[in-house]
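One chain comes next, on its own, written out as structure tokens in the form predicted on its own.
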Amino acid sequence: MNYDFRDKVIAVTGGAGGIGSAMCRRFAFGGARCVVVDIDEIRAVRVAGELPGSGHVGIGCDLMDWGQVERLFQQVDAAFGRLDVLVNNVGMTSTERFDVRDIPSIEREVGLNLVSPLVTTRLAIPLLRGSRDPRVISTVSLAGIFPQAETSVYCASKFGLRGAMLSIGLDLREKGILAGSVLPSATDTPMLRLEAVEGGNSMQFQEPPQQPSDVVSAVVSMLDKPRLEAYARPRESLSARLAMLVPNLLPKILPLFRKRGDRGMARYLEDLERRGLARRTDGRWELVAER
């Protein structure tokens, strides 16, 4: 059966970003009332105001501040009295290599990508229990399955989040709350564009980046058919899972794909240039501010 979005209350963290705002538009189009949660309150309010339908709210919230997360759900409770779906979509990455990362940056990335979804989910449970059909969906990543040498801290957080969501999904299922994850590959968002111009992990460009709509489709499929995991690109996920059957061969396998990834990232940068989103200055790539 197709999930009935009508009158559902759905909160999306990172809701003003590329993937998050696309999710909110899809949910609102189906008749849901969206809670757009973002650290940038101005953008959250703007996205909420541009959604089709009515009853949407935009809330600024630093998900690393547990007091703010508690107040977030107090606001949701006051406005709606319940929460039907929580989508943990917030995330960050860095192109700094592990041997030069400062400790606070490691703590923040792990905290935002791994700890904050767990705390947010835990604090949302009382409101979720007020729903007839409560759901939790977290955006993980194929980096939660397959290691990426250039972004080891990101992988650490996503490996952890995947394991946590599998465990939480098994635990909460017995208590009436369905929880699972979507695992997208590289997605054409501001975060990926920044990573590309800064010379990040080229291995993720084996195929052209997917679009936010592909991730949204995976989330909708999770709502239509609840399960522990869904993949935006099943073929890529299968390749990653097969490779992880023999992790000790990775040092020999990965160089075979390096040149293809480098070519893919070069094509992506050229595409960003054609779209007016990036430019080369003195031989270096930089993003162009979107209007």
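The first residue of the sequence shown is number 1, and the count goes up from there. No experiment lies behind these values; they were computed from the predicted model shown.
What follows is about the form predicted together with a small molecule, which we do not show.
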Query raised in the report: For the chain shown here without its partner, which stretch in 235 to 243, 56 to 64, 254 to 262, 26 to 34 has non-hydrogen atoms within 4.5 angstroms of the small molecule in the model of the complex?
Result: 56 to 64
Query raised in the report: Taking heavy atoms only, is Y154 within 4.5 angstroms of the small molecule in the model of the complex?
Result: yes
Query - Contact label in the model of the complex: V45 to the small molecule, heavy atom within 4.5 Å - result: no
Query raised in the report: Does the 4.5 Å heavy atom contact test between L269 and the small molecule in the model of the complex come out positive?
Result: no
Query raised in the report: Closest heavy atom of I39 to the small molecule in the model of the complex, within 4.5 Å or not?
Result: yes
Requested in this report: Only one of A186, V219, A179, V85 comes within 4.5 Å of the small molecule in the model of the complex by heavy atoms, so just point that one out.
Outcome: A186
